[in-house]
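First comes one chain, alone, set out as structure tokens in the form predicted on its own.
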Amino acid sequence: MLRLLNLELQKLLLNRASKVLIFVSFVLPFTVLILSSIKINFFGFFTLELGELGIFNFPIIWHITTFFAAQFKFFFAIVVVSMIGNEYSNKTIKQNLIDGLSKKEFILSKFYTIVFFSLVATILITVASFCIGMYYSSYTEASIIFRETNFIAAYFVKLVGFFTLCLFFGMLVKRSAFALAFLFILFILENIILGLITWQSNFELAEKIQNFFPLKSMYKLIDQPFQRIVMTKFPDKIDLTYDYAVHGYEFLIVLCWTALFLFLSYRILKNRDL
């Protein structure tokens, strides 16, 4: 595993564009640190500081930071599809296979890289969230601090699942731009199917079915926190209540898609004439 990972990291770090995108994908999630220190002055009447609103209290901070950090996953997605596109355009994939790398090892080297960078991103956002929380949170009990750290696990699984999907599209079309376009097409397709099911039955049933789709299931791992933030300020508003928790079956759905996309990537490479 380490040999394959090291091989892939050498390729990425020798590519200037990949280094820039990796750097950006790691740095941008830390904009949440900037948000925590923003102070908005309303014409001198009063100053609003986001960190003082309670949104960076434990345990809600785990939900907020992972949700916003996940929005920047597109930058590393470009790196993932570029890994495949460059292999075909530079014909290094054929050379790797000639040099003794099996097709299975080739796919695994890409997957190990995905897992590695997802793990690094998860560790960084965990440390950032903990530091912000310790500074702003009015709760310091260990039971409260670590109550919802399952959002961190959800963040990791979400990244691995999404990047494995990108790997599959990269293998399918062999071109970075087309692979990214397929992500957009899949998003549209999922919503078209949602509309068709809604038309035939009802929206609630359609939404439940859509939660099993690839992109939607990855999104559902970490639901939007905005409604929850409002709930903390207006606890009597029962109509705002929604299920924002991370569930085991949501992990299972995404992990199944991840395994399927990894397997399909391997099958494409195995059956393709290079």
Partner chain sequence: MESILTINNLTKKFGFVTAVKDLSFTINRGNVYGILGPNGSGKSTTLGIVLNVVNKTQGDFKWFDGNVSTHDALKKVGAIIERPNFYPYMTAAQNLKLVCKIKGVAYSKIEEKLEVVGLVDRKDHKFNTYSLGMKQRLAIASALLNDPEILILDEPTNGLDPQGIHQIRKIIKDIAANGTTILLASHLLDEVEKVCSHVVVLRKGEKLYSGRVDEMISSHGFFELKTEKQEELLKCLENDAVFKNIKVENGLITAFLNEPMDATNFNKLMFEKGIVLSHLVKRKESLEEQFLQLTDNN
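Residue numbers count along the first chain shown, from 1. Because the structure is a prediction, the values reported are computed rather than measured.
We do not show the form predicted in complex with its partner chain, though everything after this point is about it.
Residues placing heavy atoms within 4.5 Å of its partner chain in the predicted bound form fall in a single listed stretch, namely 89 to 97, out of 170 to 178, 193 to 201, 146 to 154, 89 to 97. Not displayed here, its partner chain is kept clear of T140 by more than 4.5 Å at the level of heavy atoms in the predicted bound form. Contact check for S102: a non-hydrogen atom falls within 4.5 Å of its partner chain in the predicted bound form. Though the partner is left out of this view, S25 does not reach within 4.5 Å of its partner chain in the predicted bound form, counting heavy atoms only. No residue of the trio V80, K216 and K220 has any heavy atom within 4.5 Å of its partner chain in the predicted bound form.
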